[in-house]
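Okay, so here's just one chain, in structure tokens, the form predicted on its own.
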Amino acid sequence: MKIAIAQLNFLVGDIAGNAAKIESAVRQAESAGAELLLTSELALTGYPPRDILLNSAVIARQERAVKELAGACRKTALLLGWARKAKAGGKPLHNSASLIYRGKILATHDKILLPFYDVFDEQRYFEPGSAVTLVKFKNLRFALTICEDIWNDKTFWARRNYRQNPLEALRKIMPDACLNISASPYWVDKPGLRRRMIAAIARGYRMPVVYANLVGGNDELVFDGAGMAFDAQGRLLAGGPMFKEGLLYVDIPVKKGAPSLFSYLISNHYSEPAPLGNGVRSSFVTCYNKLWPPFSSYQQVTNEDLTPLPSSVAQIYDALVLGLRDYVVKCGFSRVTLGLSGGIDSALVAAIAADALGPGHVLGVSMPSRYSSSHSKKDAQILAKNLGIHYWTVLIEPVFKAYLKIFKKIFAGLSANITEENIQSRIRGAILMAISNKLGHMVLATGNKSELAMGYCTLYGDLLGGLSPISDLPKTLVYQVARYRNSISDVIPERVFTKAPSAELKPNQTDQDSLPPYDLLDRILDSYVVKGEDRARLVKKFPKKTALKVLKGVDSSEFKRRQAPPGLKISHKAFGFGRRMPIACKIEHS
């Protein structure tokens, strides 16, 4: 049986648009001779739908869409991810996968393991299923599972999140293959882990596993796609592209006991983003359709054609490009504005934006003050020219002088301090927001994870914006990712990599006046924020005084992070809704 694996980019809440995209994939799967098409988890609502699921009208539209899609599946069956109503007595919905064909729902599986950690909160909405669903279709017996259902096998995980392992049922029901539909978000090194885990399941349970995953950016989360198929020996026979829409085809032999798979891969039309039109703000539909054109032709792929996963740094860059593009476009914008300081952070954000939206849709604004160095102004100009983005210079000195005059009496007798530094940052923020209001651009913040962790940022200044693309990148990783971007084409001036980082808000200022050296700071942050290590362990691993300074900086800056724009998650633990810390609290570090 030829099976099509769809990795499609959905808009959360757009039931009609998502259903139309699924139906288009069904038509293309039919033309390729596929008898079954797999979507991703919660394909109709998009993932994560969050409290959209509490809207009864959305649920009703879903039910109508399922009926319409079932009627459209005349030659190719569809394994569809959606949120269906549950019976009374528990949570109102199930996270479900329904096999639909020729106007009917042949079988439905309700997700058993509902994740509740980090960015996941499915227990808020869904009632869990009770068992793996087995369905017979075209002489093959398929086990239906959804995402987390296969992420708790005791033979793979040393520590598990749940007592129940749904896969244990496979030893009794002995399906011909296991189908899994997922919305598994990307973070660094996860694609490799996912491959190893699914290979172990296929090998351990002696059955092929066919896996479909969501692709695209939805708010802070980026989904990498990378659908795949393994044979019963755990060998990867086909892998879909990362961060791109497409269809992957695999053949499951009808004869039981011969579970070899042969793969075909849709050639992807997605390469460079298409122009978004001449208007400063195009409609969502226009932007979205041009950025994600339909896919059509396919080519055969053999084992020899399969390449290893890209390096972690390459993956991160591609994830940031996709995440920025989707966030901007799905929010209804087509152009962005950011401040160009001449430093590494704004340089990297500008490069990501240019690659995501096209250089003509990016405006870089240099806003020098009395403390801005000549080399920073020059580096910002060179960067803009290399990227081909629009570039403006707006002098903030007249505005800064006016502010100082306003506060002359109020601050009489008080020496200059961080207040005057922050005024400059807030002037720049006001300028960028004025451009946003007038021209319809989204403002991009350029702060990194190291700064955000320590509160080394200004509320209503450099912290403002619609999106903070690199807020989950520690400073040391910013340099690595920027080097990777320069390996594609040399756009960031070399001096940006070698000069000491500085906010340039006072004479001869450097970041290390206020922060520990970034290589040390980032290692402490990884131990505390990402790995969750406690004070006792930190002061053994790192210099005690520095470790305690970092602990205090992180804990006392939560109020700033709560007011920061959303950022793109690329680490195991990012600031944002996956790290739910109180603001008013006292943390005892014993």
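Bear in mind that the values here come from a model prediction, so they are computed numbers and not experimental data. In this text, residue numbers run from 1 along the sequence as written.
A second form of this protein, the form predicted together with another copy of the chain, is not displayed here; the remarks below concern that form.
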Next item on the list: Using the partner position in the predicted complex, report whether Ile587 sits within 4.5 Å of another copy of the chain, counting heavy atoms only.
Entry: yes
Check: Does Lys540 make contact with another copy of the chain in the predicted complex, using a 4.5 Å heavy atom cut-off?
Finding: no
Check: Heavy atoms within 4.5 Å of another copy of the chain in the predicted complex: does Ile52 have any?
Finding: yes
Next item on the list: Using a 4.5 Å heavy atom cut-off, state whether Ala547 contacts another copy of the chain in the predicted complex.
Entry: no
Item checked: Region of this chain that lies against another copy of the chain in the predicted complex, out of 25-33, 66-74, 517-525, 43-51 [heavy atom, 4.5 Å] -> 43-51
Notebook entry, point to check: Pick from Arg160, Arg206, Arg495, Arg196: which has a non-hydrogen atom within 4.5 Å of another copy of the chain in the predicted complex?
Noted result: Arg160
Check: Of the options Tyr479, Tyr249, Trp187, Tyr327, which one has a non-hydrogen atom that comes within 4.5 Å of another copy of the chain in the predicted complex?
Finding: Tyr327
Margin query: Using a 4.5 Å heavy atom cutoff, which residues in 391-420 contact another copy of the chain in the predicted complex? It's fine if the answer is none.
Written below: Trp392, Val394, Leu395, Pro398, Val399, Ala402, Tyr403, Ile406, Phe407, Ile410, Phe411, Leu414, Ser415, Ala416, Asn417, Ile418, Thr419, Glu420
